[in-house]
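Okay, so here's just one chain, in structure tokens, the form predicted on its own.
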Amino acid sequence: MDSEALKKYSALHPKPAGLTLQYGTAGFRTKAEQLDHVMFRMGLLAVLRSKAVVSTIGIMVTASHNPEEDNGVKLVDPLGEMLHPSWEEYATQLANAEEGELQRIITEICQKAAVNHHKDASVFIGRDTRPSSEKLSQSVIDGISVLGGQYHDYGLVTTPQLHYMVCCRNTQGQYGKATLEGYYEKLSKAFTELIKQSPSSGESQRHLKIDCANGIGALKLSEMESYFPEEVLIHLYNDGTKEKLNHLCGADFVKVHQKPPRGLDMKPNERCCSFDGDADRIVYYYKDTTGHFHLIDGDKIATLISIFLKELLAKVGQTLKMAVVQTAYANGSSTRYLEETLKVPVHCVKTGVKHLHHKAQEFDVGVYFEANGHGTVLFSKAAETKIRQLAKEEKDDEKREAAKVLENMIDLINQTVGDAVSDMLVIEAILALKGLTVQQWDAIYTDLPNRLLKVQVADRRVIDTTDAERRAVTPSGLQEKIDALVKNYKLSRAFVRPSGTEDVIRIYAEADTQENADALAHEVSLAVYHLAGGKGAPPQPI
């Protein structure tokens, strides 16, 4: 390591005084003007990680569904998964180190993680469409270059596309070609094969309105459109030409506000969907003939996919173990439907994609979605090998055809991470193959009314949780209070958890009516305010 070069370049990317940041599920995220030093240092870290695991590492410059003035960065591990937890700590140390400590901390990381300096380092970089992203990418490149790493800058890509590229490179092309064309070709080929089987193939064009959150999704869908079969007609809205990224639009806005995005004109019973700013989340929705808005979130997406895969697995006749992974935010109706009607095991884990992904890896087929629309399906190596073998060699026609459909689903799903483009194609294929309208999909089960609230506190660490964040351990008396409140309402449950990024406590409540869900959420927020050090005025009724 060239100490003088490190010192010189580090001085060009100075750390603002008094700023401390934490690497969380979403990597680092804050106002763009505070991130220059972080980007430079994550370039350094990516080189160290690449040398330690002797693989290509990804760096994505994005703040996903955050406002346009924010930005962020996350590292992608060799198989397209989230950064390993032990390296999250190194990332936090490195980002918060004072200028004079940088050299020492890098040396410490190298010792702890057994980094071999003689190995080559390779890093893939991608960025979203924010005005700040290009300059911040350049800071990443400075960090990579100082430590002698090689890099490939993909420029503007969705977050899932970068995850995909990293996985392709590290599997020596087994997962696919590490190019955008390779991504488009793999997905569109699998989708076209599936659509061919649909009962109304070619008869009616399938219209879908897509709100692209004024983000990268619009750019990439436009590039991909020529690869789609002609039956599929997509109409892009909020394509980034006029409005600000994520402003009054996008998956997060639609999910939180339970209403359509600005700039998308909906006619009754039309299928619509929204991506988020970096295209790793998707939610569907429609308006019925009375003008009532219906949201189809991650829970209903997971249910639709589970129904379809369970039918196929039964046809193939293999004893492959399938499960659904949810968080405490999943609607109680979805959990009941999956367990009681569909007879699919459901596992609950802590909030955060890495927890869901990790748990889903334990099954032959693991379906995971957060209610916010981030999710995918994982197939174990053994399950995938078996399915591909059956698609080729099975003598029974029905079993072989079912295996072929499963094989195309495997190719259509981006198993590295939630991917709005891939998930959209999976959903469109299933709806076509099952001949389902958006209303029929929505009617599979009825969501329990729910409410999300947050309470500002002096220190979010006063709340500690257990049981996948469904029970509060501290402060004493809080969980007992929540239990007593829940008893007052039918079909109700509530839980509280500290935010991962700010000093607020998040509250979730559901009950048999919206009025009861709102009342329960308010009562729980008052309990949190009084027992967990609330700041400002007490929460007001909704």
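This structure is a prediction, so every number in the text was calculated from the model and none was measured. Residue numbers run from 1 along the displayed sequence.
Beyond what is shown, the protein has a form predicted together with a small molecule; the following relates to that form.
Shown without its partner, this chain lists 281, 300, 163, 130 as candidates; in the predicted complex, only 281 has a non-hydrogen atom within 4.5 angstroms of the small molecule. Put simply, of 442, 428, 370, 411 only one has a heavy atom within 4.5 Å of the small molecule in the predicted complex, and it is 370. Here the marked residues 352, 497 and 502 all reach the small molecule in the predicted complex, each with a heavy atom within 4.5 angstroms. Of the candidate stretches 370-378, 118-126, 414-422, 148-156, only 370-378 contains residues with a heavy atom within 4.5 Å of the small molecule in the predicted complex. In the predicted complex, the small molecule sits within 4.5 Å of a heavy atom of residue 25. Among heavy atoms of residue 452, some come within 4.5 Å of the small molecule in the predicted complex. Although the partner is absent from this view, residue 90 stays clear of the small molecule in the predicted complex, with no non-hydrogen atom inside 4.5 angstroms. Interface membership of residue 363, defined by any non-hydrogen atom within 4.5 Å of the small molecule in the predicted complex, is ruled out.
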